[in-house]
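Form predicted on its own, single chain, as structure tokens, below.
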């Protein structure tokens, strides 16, 4: 099984663990570290919705908490016909901690799109804008 296939499979598997009791919209994410490790995340909803956290941010925060700091790509899986890209908040977090990583968008049966973060967030706000 190719590395990208393993990543897609991991995102599909973790999607099943999503806590999406309110929307029913389950998302899984699998983040690949530079060392080749896979760190997964699923969306976790809350009754207030505003406290919901997306699968992509769960994966990034989990990876950081486990000591990973360099990433190569992320797979995002949702049960949709069209590719489901990361929301704006996730794009910012992915850029901040991953830079111009590859983003693979898949559904339950196939990969729908492969992009770069620079295509999803062409004018990012990052440390370069903070001055010194």
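Please read all numbers here as calculations on a predicted model, not as lab measurements. Positions refer to the first chain, counted from 1.
Note that the form predicted together with a small molecule isn't included here; everything after this is about it.
Highlighted residues 40, 72 and 95: none comes within 4.5 Å of the small molecule in the predicted complex, counting any heavy atom. Shown alone here, residue 87 lies within 4.5 Å of the small molecule in the predicted complex, counting heavy atoms only. Within this chain, residue 107 is remote from the site of the small molecule in the predicted complex, having no heavy atom within 4.5 Å. With a 4.5 Å cutoff on heavy atoms, residue 63 does not count as touching the small molecule in the predicted complex; it lies far away.
In the predicted complex, the small molecule lies farther than 4.5 Å from every heavy atom of residue 103. Here the chain stands by itself, but in the predicted complex one stretch of 95 to 103, 64 to 72, 47 to 55, 32 to 40, 47 to 55, has heavy atoms within 4.5 Å of the small molecule.
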